[in-house]
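One chain comes next, on its own, written out as structure tokens in the form predicted alone.
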């Protein structure tokens, strides 16, 4: 597309790849119109604090994606929002862009194929309608234990994560009885179990409603957060509230079931946790619990430390680390796992160990680094 306004330089580095297919589509569909119609409120420094029409495209895209496409589309066609700038005159633009958005979503879906982690289904807790979004009674938590509440049995036991998101059914508009939307905010993660706590990197998630992925709800897709705390950690600060709009043909009902589809969760070494690649613990016929004495013992099926580490990290204590001493290995558990999974700087230096060896160490850490 030809440069037509300030901000093109910020866009020049974007290409239609897995990571930015959605951003490119925003630039090619709505952005120019929003720059024309919405800058009084939605430019950088505007009164709304939501600069999706900023001249800096990166800032505009970040704002748009944090709000969610469905919500922005709804307001763009709503004459009650900011007429005459908004209203049904924009419906043709919205309709004409749907094929492009579907194609971009397909690119992202293909890129994430094989790395998604999907929870089991849950219905929303009862909520109390209120116009005050700070009222906790209106926002009960939709909670998932990612150590157990997963569709893929090969992933069960691999993730010491409690995930919650506050959710409610939006009240019907005045004079009506039909719910138009669900609202979600404040996704949080808590790492569970005994110290040392593992680190995880959450690389976006989608909502699924009644078994189908909600493709136009882009609010949480761009999350990129590292979590390693035993207390609830917000995955996204700032704008962390969005709505899932529904049609009159598919209305809000109390029996609707929701799932969370994590696009990618990485372990502390940056490897994706999946059901079949050897990261995480508890799959592939390996034990669900491993102790230090087994890693350092004589059983050839379990003694990874004995076979792979003690030649250098025994009495010689290469790098100042004697791994034959339990306290040393426990204190350096996260570092040991990180180096064992770092293909660019592996330990041992000869190259990455086999998946089973690396997984046994991860199971030990996930088990709480027990000695016996």
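Positions refer to the first chain, counted from 1. Here the rigid core means the biggest group of C-alpha atoms that line up within 1.5 Å when the two forms are laid on top of each other. A quick note: this is a predicted structure, and the numbers were derived from the prediction, not measured.
Below, we turn to the form predicted together with a small molecule, even though it does not appear here.
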Subject >> Region of this chain that lies against the small molecule in the predicted complex, out of 226-234, 68-76, 154-162, 198-206 [heavy atom, 4.5 Å] >> reply: 68-76
Original post:
Looking in the predicted complex, any heavy atom of residue 363 within 4.5 Å of the small molecule?
Top reply: no
Original post:
Applying a 4.5 Å heavy atom distance criterion, does residue 349 contact the small molecule in the predicted complex?
Top reply: yes
Original post:
At the 4.5 Å heavy atom threshold, is residue 85 in contact with the small molecule in the predicted complex?
Top reply: yes
Subject >> Residue contact check: residue 50 to the small molecule in the predicted complex, 4.5 Å heavy atom >> reply: yes
Original post:
Looking at 325, 312, 331, 44, which has any heavy atom no more than 4.5 Å from the small molecule in the predicted complex?
Top reply: 312
Original post:
Do all of 38, 318 and 353 end up near the small molecule in the predicted complex, with near meaning a heavy atom within 4.5 Å?
Top reply: yes
**OP:** Establish whether a shift of 2 Å or more occurs at the C-alpha of residue 337 between this form and the one not shown, with the two forms superposed on the rigid core.
**Re:** yes
Original post:
Does residue 313 show a Cα shift reaching 2 Å between this form and the one not shown after rigid-core superposition?
Top reply: yes
**OP:** Please check if residue 37 moves between this form and the one not shown, taking a CA shift of 2 Å or more relative to the superposed core as movement.
**Re:** no
Subject >> CA-CA separation of residue 354 and residue 203, closer or farther in the predicted complex than in the form shown [shift of 3 angstroms or more] >> reply: closer
**OP:** Could you tell me whether residue 358 and residue 203 have their C-alpha atoms closer or farther apart in the predicted complex than in the shown form, knowing the shift is 3 angstroms or more?
**Re:** closer
